[in-house]
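As C-alpha cells, one chain now follows by itself in the form predicted alone.
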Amino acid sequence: MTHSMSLSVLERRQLSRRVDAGLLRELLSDQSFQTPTMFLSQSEIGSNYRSLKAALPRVHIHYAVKPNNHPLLIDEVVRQGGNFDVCSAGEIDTILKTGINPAGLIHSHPIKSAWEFDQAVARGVEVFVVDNQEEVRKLARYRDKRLKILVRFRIGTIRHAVVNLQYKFGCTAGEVLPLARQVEQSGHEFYGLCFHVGSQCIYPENYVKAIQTSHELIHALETAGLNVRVLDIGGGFPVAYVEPVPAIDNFCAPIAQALDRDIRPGIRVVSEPGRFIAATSVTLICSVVGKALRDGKIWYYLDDGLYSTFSGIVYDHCQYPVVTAKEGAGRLSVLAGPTCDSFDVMYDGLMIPEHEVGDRMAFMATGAYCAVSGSGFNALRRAEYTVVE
C-alpha cells in the first residue's frame, strides 16, 4: 500500500476517526506558522482512552509515559481517570507534577540501575517489575520498606509484534516460581505477574496465550502459598498507520473473553498502553525546503527528518501516512530530512504529485515514539507542539 494520499482520499478512507480534512487543508496552505510543527489533539487522546477502556472494561489503564510525555497528554489521562507506567526518575518527576499518588504508579522497567532504583523508591513508588535473580538481589537495599514486586515472564509466539519486547526482557514460565519465592525471602511482597507481547501487535492470540499461561502460573503460585494480586497484560495495541488494523473493540474481544475465563475476579488486571493512546493524537506539518532531480527521482528536502520527529522510522520500525494538498499524477519521489547526513532519508520511491519549495506536507499518527526519540543533531530547529483542541 502506498504511504501517500491526497486530502480527498484521506476523507474517504477515514484513516483517523476524527480527521478534520478542512482544518488539515488550512494547515497545509497556512504560511503564518513556522514548520515543522506537531499539532496535538486533546480530544483524540480522550477518545482513544475511552475506546480502549470500553474494549477492556475489566482492565485498569496505566498509560506508558515513554512514547509521548507531553504535559497535555499526561493531564488528559489523569482527567480520564487513568494512572501511569513509568521507567525512570525523569518520567516519575513528570507524572508527580499532576499531584498523583506515587504509590499507584507501576515502575515497569525490569532492569534498573541502583541510582534509578533509589530515586524511584525515594519518590514513593512501591510497585516494581523484575525478571531475573540479580534484579531481585537489589531489593536488599530497601530494608525499611516493603515493596510490591511483579515478575515479568515471556511466552513463545509464532508471529511477533512489530517491536518484539520479549527479545530483551522476561523470564521463562519455569523461572517465575523461584523468582517469586526469592522476592518473598528478600522481605518484600510478591505482588503478581506481568507480560508484554510487543508493541504494535496485530495478533490478539498472543495476548490470549499469555493470559492462559498466566492462569497456569497463578495456579502454581497459589498452590505454593504465594498470593497473586495483580496481572499486568502490557500494552502494544495496534494503530492504523499505512496498513489497516482491526477496530479496537474487535481486536480486544478475545482478550477480554480470555481474562474473564482464565483470571479470577479477585485479581486486579492492568494494562500499559502507550502507542494506542498517543499515536493518532498528533499530526506533523513539514515544509519542502529544497528540491533536486537525482537519478530519475524528485528529491524533496524537508525541515524535519530521521534525527528528529521521524526518528520513529528508525527506532519504532514505523511508517507514517503522507498527506498532501496536491492533486494530479504521481511522480517518483524521495523525502529526505534537513541534516547533512545522507542516512537522513525517510521515504524512497514515494509516488506523489510534484511539489515546489515552500509547499507543505502532513504526516499522520506521529504522536508515539517520534519526538521523544529525536535528537538535536546539526543543532537544527526541532518541531514544536501546537494544541488544536
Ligand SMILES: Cc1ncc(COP(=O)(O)O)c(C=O)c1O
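The first residue of the shown sequence is 1; numbering continues from there. Computed from a predicted structure; not experimentally measured.
A second form of this protein, the form predicted in complex with the ligand, is not displayed here; the remarks below concern that form.
- Mapping the unseen interface onto this chain, I45 falls outside it, with no heavy atom inside 4.5 Å of the ligand in the predicted complex.
- Shown alone here, D85 lies within 4.5 Å of the ligand in the predicted complex, counting heavy atoms only.
- In the predicted complex, S108 approaches the ligand with a heavy atom inside 4.5 Å.
- Contact between E76 and the ligand in the predicted complex is not found at the 4.5 Å heavy atom cutoff.
- For the options I298, V121, L165, L72, the one in contact with the ligand in the predicted complex, meaning a heavy atom within 4.5 Å, is L165.
- The stretch from 111-119, 174-182, 195-203, 218-226 that comes within 4.5 Å of the ligand in the predicted complex, counting heavy atoms only, is 195-203.
- In sequence order, G235, G236, F237 are the residues of 224-252 having a heavy atom within 4.5 Å of the ligand in the predicted complex; the partner itself is omitted from this view.
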